[in-house]
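Next up: a single chain in structure tokens, the form predicted on its own.
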């Protein structure tokens, strides 16, 4: 199944359904927890120099 809908990478809800001001402010300090493309929970590793988050379907992102 292919979808073009984007998901909030912090709470996992639809990004366009409602505003996510709490998620936006929390994301300034926290890594993403959900993949924006498929809504899967990601494996997140926080390091002193940044973070990495891995989706089994879409791969790794770093910050």
Partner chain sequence: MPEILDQARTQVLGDGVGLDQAGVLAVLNLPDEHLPAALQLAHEVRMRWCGPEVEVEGIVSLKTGGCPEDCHFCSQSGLFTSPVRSVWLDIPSLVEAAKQTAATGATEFCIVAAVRGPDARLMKQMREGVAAIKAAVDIQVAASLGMLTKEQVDDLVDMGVHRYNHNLETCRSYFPNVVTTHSWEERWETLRMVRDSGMEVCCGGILGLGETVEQRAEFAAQLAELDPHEVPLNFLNPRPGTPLGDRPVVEGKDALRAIAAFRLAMPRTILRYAGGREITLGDLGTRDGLLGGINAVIVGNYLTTLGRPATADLELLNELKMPVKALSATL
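Residue numbers count along the first chain shown, from 1. The shown structure was predicted, so the numbers you read here are calculated from the model rather than taken from an experiment.
The protein also exists as the form predicted in complex with the partner chain; that form is not presented, and the subsequent description refers to it.
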query: Partner proximity in the predicted bound form: residue 21 to the partner chain, non-hydrogen atom cutoff 4.5 Å; finding: no
query: The partner chain contact in the predicted bound form: residue 39, any heavy atom under 4.5 Å; finding: no
query: Contact test in the predicted bound form: residue 16 vs the partner chain, heavy atoms, 4.5 Å; finding: no
query: Sequence-ordered residues of 34-63 touching the partner chain in the predicted bound form, heavy atom within 4.5 Å; finding: 34, 41, 42, 43, 44, 45, 46, 47, 48, 49, 50, 51
